[in-house]
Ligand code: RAT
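In structure tokens, one chain follows: the form predicted on its own.
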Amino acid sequence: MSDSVCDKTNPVALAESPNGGFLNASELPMAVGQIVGAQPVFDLHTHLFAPRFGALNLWGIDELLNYHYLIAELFRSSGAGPEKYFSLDKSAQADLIWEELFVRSTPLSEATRGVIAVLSAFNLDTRAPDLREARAFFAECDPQEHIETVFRLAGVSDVVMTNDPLDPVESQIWERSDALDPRFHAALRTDGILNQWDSGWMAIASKGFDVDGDLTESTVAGVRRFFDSVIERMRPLYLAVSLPDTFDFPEDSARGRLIKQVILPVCRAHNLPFAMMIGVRRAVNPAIGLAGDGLGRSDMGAVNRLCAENPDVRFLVTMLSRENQHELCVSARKFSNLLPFGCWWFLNNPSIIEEITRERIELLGATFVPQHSDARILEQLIYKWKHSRRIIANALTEAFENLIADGRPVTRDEIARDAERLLSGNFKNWVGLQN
């Protein structure tokens, strides 16, 4: 080997050196897996509710099986149609889904495997012919203790709920003075106002605010006062909306004017990010309810214009179409006020999550949030984060292997730093929970 200072040591040999605690390539998979597996997750978007919300806090085997992903699979995999399914009570619906998707079929899909992973986590029979054992187990669970167990098994420290300020049940609960479990954080969902203004303004007016269907100056001021009052009560980490694939900005519509005249000023005034989940097509098959929504490719130009025209507003963005993912990464490279997050809804499948996560690492380094659970039922946290951690660890391992091959060794501390950023730190910084 040459003695020239320009002839550097073989990068693999350097990585294998014990000096500085550098890891060699063969040690990486286990080290990354252990570190990612041990890192607590701050789950930035769920549909879970704290115990204070009573019946809105969904858990147990009947809720797990009546998940809309499984409902859609039921109709595809059996002769049971919507009319039969929706005529049954919840327990009978769960029995039907278990029989058709888990007994008479092999549970190969991500959604069915998720149920298997949950049952396995509680040492329940994953090949049971019926639900008697599972129902008996969950019936014995103390709700508060069960939350502790699920959070521990999932490795989750905090979750962000989805809170509708127009929902009459939620509104009554927010008006109570009892403390909210500090691990459950609010997110102020604005769909009922932005996407359904014709009914949304009436709901706001019914709460005593001076608004009407015309977006006059007085109505805009009234809607802002409504948001001010809700934010004071909920203390949300961000405002959020789910948007169709046809979303545009600027847009000559009630939604477009409300975003410009209400949402963006409210975000500035309260220093809150605006989360946009873009790409849903509602009721592609209305006969099967929530299970009948679809997706479409969206125009990233709307996001680019929002970021460019509002550099003082922070945006959280996830796109539902796989075809939008590269554009979202490129936009995030251009706008420091844009944070891509998660693999939403129909993208929440291992093969697609892996592709998107690798692409984001290649384009953005560790400056994004790789996943959120979108969990609607408490126990879903277990399988969604089990599956996602494995994929995130694999993508990070490949990235570190490439880094070593290019001549830059890494340590366990560096891996831990990046895992913390991806699974909690980036989001906490974005919403001001840590410096």
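Being a predicted model, the structure only gives us computed values, none of them experimental. Throughout, we count residues from 1 along the sequence that is shown.
Note that the form predicted together with D-arabinaric acid (RAT) isn't included here; everything after this is about it.
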item	value
Which of 45-53, 385-393, 362-370, 29-37 sits within 4.5 Å of D-arabinaric acid (RAT) in the predicted bound form, heavy atom basis	45-53
Residue contact check: D62 to D-arabinaric acid (RAT) in the predicted bound form, 4.5 Å heavy atom	no
In the predicted bound form, T357 touching D-arabinaric acid (RAT) (heavy atom, 4.5 Å)	no
M277, heavy atom within 4.5 angstroms of D-arabinaric acid (RAT) in the predicted bound form	yes
Contact flag, H185 vs D-arabinaric acid (RAT) in the predicted bound form, heavy atom cut 4.5 Å	no
F227, Y85, F102, W344 - the one with a heavy atom within 4.5 Å of D-arabinaric acid (RAT) in the predicted bound form	W344
Contact residue in the predicted bound form, from Q93, T112, S242, T219 (heavy atom within 4.5 Å of D-arabinaric acid (RAT))	S242
Those residues of 182-197 which, in the predicted bound form, come within 4.5 Å of D-arabinaric acid (RAT) by heavy atom	R189
